[in-house]
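Shown here is one chain on its own, the form predicted alone, set out as structure tokens.
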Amino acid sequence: MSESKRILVKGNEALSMGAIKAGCLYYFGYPITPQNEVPEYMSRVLPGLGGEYVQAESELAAINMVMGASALGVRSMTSSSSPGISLMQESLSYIAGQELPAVIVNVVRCGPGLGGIAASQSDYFQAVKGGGHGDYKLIVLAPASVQEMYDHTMLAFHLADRYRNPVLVLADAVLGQMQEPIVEREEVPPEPRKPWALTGAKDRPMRYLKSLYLKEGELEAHNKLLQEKYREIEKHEVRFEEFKTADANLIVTAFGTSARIVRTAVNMAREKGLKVGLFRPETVYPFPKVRLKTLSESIKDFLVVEMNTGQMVEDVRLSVIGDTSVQFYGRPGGGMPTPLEVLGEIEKNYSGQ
């Protein structure tokens, strides 16, 4: 990494830069705190690149503009924060049903309802379980640094095109607003051909993109094809990070901002002689359940830390083997765990076995 190429930017700016580096020239959005730097950046930069920035009349309009642009085969994106993402759920189901690539960014704020603008991780269920109707999945990336806000947004476009599936970047207010140095990537994976895109039917057969299947058994068959795709995603796209897990007697699992706090707590625990490690999912769908199961075969104590009342903890409990202890510590409604609080939970749940 060349020090001379490092630049200091906000997380929201970094994800915008990553999107443009990936070839996104079409952005549609509606203002909401704490992600407003994204539309500000895109409105300033895209016109000069020959792209289009549209401030839609609502989040509903924005996600449907993304659906239209994606159907034409161009890389497009929208971003919002929790209440805005809730409004997009019906169209996300339509995009998944039509197998359109699209990138959506949720800079999560606390709820429920209008809530507040403080950071939260309370949209985990909405992101990974499918907030709209029908059996569908979004690929969900969970960055934990400003560099990953850049990298994961680039990756999101690659995965969206590879699997013809919407990808959601699940950030939060801390990651969106904090500043850290990043290095811009020079190499970008080539954008694939899109023989399904609606580019005009002159001199070729017409193409159709739809999620409406009315013939007997037709929709069931379509659902089975979608599920086959999700199994391929689960097979090839699981990403996670381990920190000091090799000799650990207790593993703390956390994603995003919580994982940054836990890393500090793990170092504090190590200074006290406690063998503690961190397991951080970078993809929360597909969830790294196979690796967690393997870890639980030798480690019996797990602690899950989240900025909510307990959502990812359910996936951890479903992943580990039966006699594993999985405890939870969370702070909802804009509350943020401190390293000392997490250290206290580690000491309370550490059996040393």
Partner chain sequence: MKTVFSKPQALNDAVMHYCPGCSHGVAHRLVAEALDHYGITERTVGVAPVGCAVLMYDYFNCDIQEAPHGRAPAIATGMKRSRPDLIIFTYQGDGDLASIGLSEIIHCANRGENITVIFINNTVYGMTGGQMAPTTLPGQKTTTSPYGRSLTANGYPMKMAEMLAPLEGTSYVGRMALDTPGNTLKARKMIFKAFDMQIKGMGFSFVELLSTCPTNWGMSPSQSIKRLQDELIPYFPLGVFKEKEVVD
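These numbers come from a predicted model, not from an experiment. Residue numbers count along the first chain shown, from 1.
Although not depicted, the form predicted in complex with the partner chain is the subject of the following passage.
Though the partner is left out of this view, Tyr94 does reach within 4.5 Å of the partner chain in the model of the complex, counting heavy atoms only. Contact check for Glu314: every heavy atom lies farther than 4.5 Å from the partner chain in the model of the complex. In the model of the complex, the partner chain sits within 4.5 Å of a heavy atom of Ala71.
In the model of the complex, the partner chain lies within 4.5 Å of some heavy atom of Glu57. Stretch 94 to 102 is the contacting one of 134 to 142, 251 to 259, 275 to 283, 94 to 102, since its residues have non-hydrogen atoms within 4.5 Å of the partner chain in the model of the complex.
Contact with the partner chain in the model of the complex, judged by any heavy atom within 4.5 Å, is made by just one of Val188, Ala246, Ala201, Leu225: Ala201. This chain is displayed alone, yet in the model of the complex one of Tyr41, Phe328, Phe287, Tyr26 has a heavy atom within 4.5 Å of the partner chain; that residue is Tyr26. Three-residue candidate spot Ile32, Ile117 and Ser122; no residue lies within 4.5 angstroms of the partner chain in the model of the complex by any non-hydrogen atom. Annotation for 129 to 161: no interface residues with the partner chain in the model of the complex [heavy atom within 4.5 Å].
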